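Heads up, the chain below is alone and in the form predicted alone; it's given as structure tokens.
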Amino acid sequence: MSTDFATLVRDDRVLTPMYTDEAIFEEEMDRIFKSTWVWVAHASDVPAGNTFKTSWVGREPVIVTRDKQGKIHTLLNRCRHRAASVCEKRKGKASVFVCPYHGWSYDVDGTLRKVPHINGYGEGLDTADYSLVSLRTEEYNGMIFATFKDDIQPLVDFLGPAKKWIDLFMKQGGGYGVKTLGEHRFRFPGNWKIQLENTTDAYHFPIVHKTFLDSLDPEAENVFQVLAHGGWVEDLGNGHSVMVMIPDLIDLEENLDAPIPQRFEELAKELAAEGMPDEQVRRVVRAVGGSGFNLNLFPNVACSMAFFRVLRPIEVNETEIMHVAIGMDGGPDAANRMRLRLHEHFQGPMGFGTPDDAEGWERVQRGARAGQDLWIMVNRGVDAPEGVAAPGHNAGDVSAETGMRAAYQMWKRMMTA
């Protein structure tokens, strides 16, 4: 029996089978993850010619490469002979990918370079017909996306108003470029949309993350009282949304004359002792703490305050999460060390944030086993503070579920197209 996807999503609620129905999940892999732009890497993951990183588009393994001319490619990680993967490393440098099964070799742009004992194909094998499958790939401000759809709108149009927020997020380079510093992955027994919702959910923060708040000094604890600073959640179109928790940290190049927070005073002294001018010290120190917002880019990546969070659907009730620490490309070592320590404090495997979030997501999936005819409510929210959102954008207060509603309307649009 076919599913009427339109009936699963209303303006302020979605039906429970959205989390639990295997048939719906399988359709999502085709209608969403193979039909839109999906984040695959950051430009710093492939910093030079002949560098690569393995990644995923939905459940399909890919290799993101940069060739000698600087062009970025996204290639299906599957030999065209008998389907073996041609690369198993997370990232690195290579001028050729060689299938370990029968030795077919490919250039970093996917071109089939050599077939051992090719005379065994009798009348010949046209190697031009057997390149690795290449996906359409585009980049915006270091964010690399790929898609199976050759006729899809350009990436810049898909991102739309989210581009402004990507640009603001990248200012945490502190005057330097932004680069990835490392990543860690974990899986939770729950549907991918549960995590998608979480990125713009400030409502849970003071409850789920009380232990994190208790671990901070009083000044930092006040900064992270996210329901108290006049923030908002804004629908950016195409399923994207932004949750502004700390309005004073939207633009990291503003307010450089503000007092340096207590937790960054030692870093500021260290940078000054190294001869860095005062204005640059302030710029770097302000950037170290990250931005004051979470940007959710449908369907699989978030620019979350000071790191990238990437989701990968595994099964209807299993999702892999990758947290990517970011830092200053060419910036001071002391600043990047501080960024890593801050990342570990909240997002690290033993941090105060990730374990608590993951337990919440798991319990949502567990509870969703009951009451398949019940609605999951995403109706919370009052009006956003006046004048903060872009004209014409739907927006609510910082605890509003505006971002979830935006994502589910995009889900409905794609699943019923």
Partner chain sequence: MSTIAEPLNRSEAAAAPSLQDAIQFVWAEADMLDRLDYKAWLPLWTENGRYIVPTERDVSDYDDRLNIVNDDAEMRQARVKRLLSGFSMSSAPPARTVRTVSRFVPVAVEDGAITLRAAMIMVEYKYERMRTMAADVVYRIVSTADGLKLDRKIVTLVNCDDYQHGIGYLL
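None of these values were measured; they are calculated from a predicted model. Positions refer to the first chain, counted from 1.
Same protein, other form: the form predicted together with the partner chain, not shown, and the subject of what follows.
Visitor: Even though the partner chain is not shown here, does residue 265 get within 4.5 Å of it in the model of the complex, heavy atoms only?
Guide: Answer no; every heavy atom of residue 265 is more than 4.5 Å from the partner chain in the model of the complex.
Visitor: Heavy atoms within 4.5 Å of the partner chain in the model of the complex: does residue 330 have any?
Guide: Looking in the model of the complex, residue contacts with the partner chain do not include residue 330, since no heavy atom lies within 4.5 Å.
Visitor: Though only this chain appears here, would residue 315 touch the partner chain in the model of the complex if you measure heavy atom gaps against 4.5 Å?
Guide: Judged by the heavy-atom cut-off of 4.5 Å, residue 315 is well away from the partner chain in the model of the complex.
Visitor: Wondering, does residue 343 line up within 4.5 Å of the partner chain in the model of the complex on heavy atoms?
Guide: Flag for residue 343 set to yes.
Visitor: Of the residues 214, 278, 139, 157, which one places a heavy atom within 4.5 Å of the partner chain in the model of the complex?
Guide: It is 214.
Visitor: Looking at 102, 210, 114, 71, which has any heavy atom no more than 4.5 Å from the partner chain in the model of the complex?
Guide: It is 210 that has a heavy atom within 4.5 Å of the partner.
Visitor: Quick one: 163, 171 and 392 and the partner chain in the model of the complex, is every residue within 4.5 Å by at least one heavy atom?
Guide: No: no residue has a heavy atom within 4.5 Å of the partner.
Visitor: If we take heavy atoms and a 4.5 Å cut-off, which stretch out of 253-261, 139-147, 335-343, 278-286 is in contact with the partner chain in the model of the complex?
Guide: Result of the contact check: 335-343.
Visitor: Scan 348-384 and note down the residues that get a heavy atom within 4.5 Å of the partner chain in the model of the complex; none is a fine answer too.
Guide: Going through 348-384 in order - heavy atoms within 4.5 Å of the partner chain in the model of the complex - the hits are 349, 350, 351, 352, 355, 356, 359, 360, 362, 363, 366, 369.
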